[in-house]
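What follows are structure tokens for two forms of the same protein chain, given separately as structure 1 and structure 2.
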Structure 1
């Protein structure tokens, strides 16, 4: 009888506990939980589909991500929603955000499908892989790696991004409104020479390509371009 009574008491206690505990919010002590404010747009571990605009962060190099976070916060890369979100964050914490996303492994989305005329493809391929030496426009691949997957630690890869995002960024560079306070800026110098057709062709061809390979080491960047992209590299040196 006593046993039954104890069992009954335990049962009551359990029910009470369950009822009391149903509404408690359990917060894991992880970076994944801390970056929820980011992953609402940039998609998290459970979502891999492509968003129309917000760029993928997973697997991008840490130096690049850290630089962008600082630029947004400090108003150098102009995008008020990011500036507001990051305004009270320390460099140390932003570095942890950058590290988290750089180590995040997510499958890449399928490439976007566009029909492109042969001429347009030829134009895009020329800009991406050969550049226009007479106008002093280097190819994309000269700085972003022969496989366009970026160069460590701070030059971003160009694949796995949507056409909308690539177009917006190139146009931002062209108009000089993407970044400020750091001149000369190598991407501004390059992009301001591109036409609408050039930008559209590049964005389409990049968004059509499947993602393959890994980012390249800094040694792959020619000394001349290393000088030209100086401040990108300088910034990544600064953070060591």
Structure 2
């Protein structure tokens, strides 16, 4: 798909040269050029500001990015524009994309600034770092790592994302629109128990945090959560 995209750009440049007498534009065949269709929405070298509705790809772990690309291509994760872009790409090519973005080191935008009431902060900190055992709600950090930077290659980091994006994702899980298979998803089971106040508090506090540290290895996920999220973990381990 992206090779076709680069070829199309070259073709247009040649036509412009023939018809208008202008100098032909030569588009280099590099990964930076091939991923321009990605960076229209996602963070790239020419787009480093925080986006409200699209997650940052730069610096995310290669394993996680590769798994998500395969999920979109194979219909485990539903978003038609991504499915169309990826439908004819091989695993090897998706690995190249994942590696490119994982090695792309760009500055993170500054944390968002929100005023929060003391009770909001307390609620968010409880949900993020302690969970609510009586409701069988694990803490965010139990799954996403003690530094909230994710578990390689199955679970994404939560920092460096906008409040709007985090809110939309949590509400998507709550309503079931982000379920990717017939097997119950961990996030659906957790998120459906969250209230509007819970979601708003979590999103605000996460968006206010600076980005520090790296993703953790899968071995750091507790046996209990590995069992609870066995379906997703198994899919991730199969894709290594």
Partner chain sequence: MKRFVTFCTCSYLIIAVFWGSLAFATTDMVAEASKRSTNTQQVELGAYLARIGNCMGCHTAKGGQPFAGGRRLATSFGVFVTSNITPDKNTGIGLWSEEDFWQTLHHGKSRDGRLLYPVFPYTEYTKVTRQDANAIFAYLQSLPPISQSNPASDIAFPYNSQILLALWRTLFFKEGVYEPDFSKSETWNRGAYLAQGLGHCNACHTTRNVLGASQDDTLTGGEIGGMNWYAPSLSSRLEAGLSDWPIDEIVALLKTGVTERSMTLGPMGAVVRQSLQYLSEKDAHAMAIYLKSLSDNDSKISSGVNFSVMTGSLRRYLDFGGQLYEKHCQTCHGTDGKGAPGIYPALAGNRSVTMKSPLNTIRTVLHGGYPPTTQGNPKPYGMPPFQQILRNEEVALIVSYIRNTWGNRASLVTAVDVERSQGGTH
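Residue numbers count along the first chain shown, from 1. We call the rigid core whatever largest set of C-alpha positions still superposes within 1.5 Å between the two forms. Everything quoted here is computed from the prediction, not taken from an experiment.
- It is structure 2 that shows the chain in the form predicted on its own.
- Relative to the superposed core, residue 204 undergoes a C-alpha shift smaller than 2 Å between structure 1 and structure 2.
- Once both forms are fitted on their core, a CA shift of 2 Å or more is seen for residue 89 between structure 1 and structure 2.
- Relative to the superposed core, residue 68 shifts its CA atom by 2 Å or more between structure 1 and structure 2.
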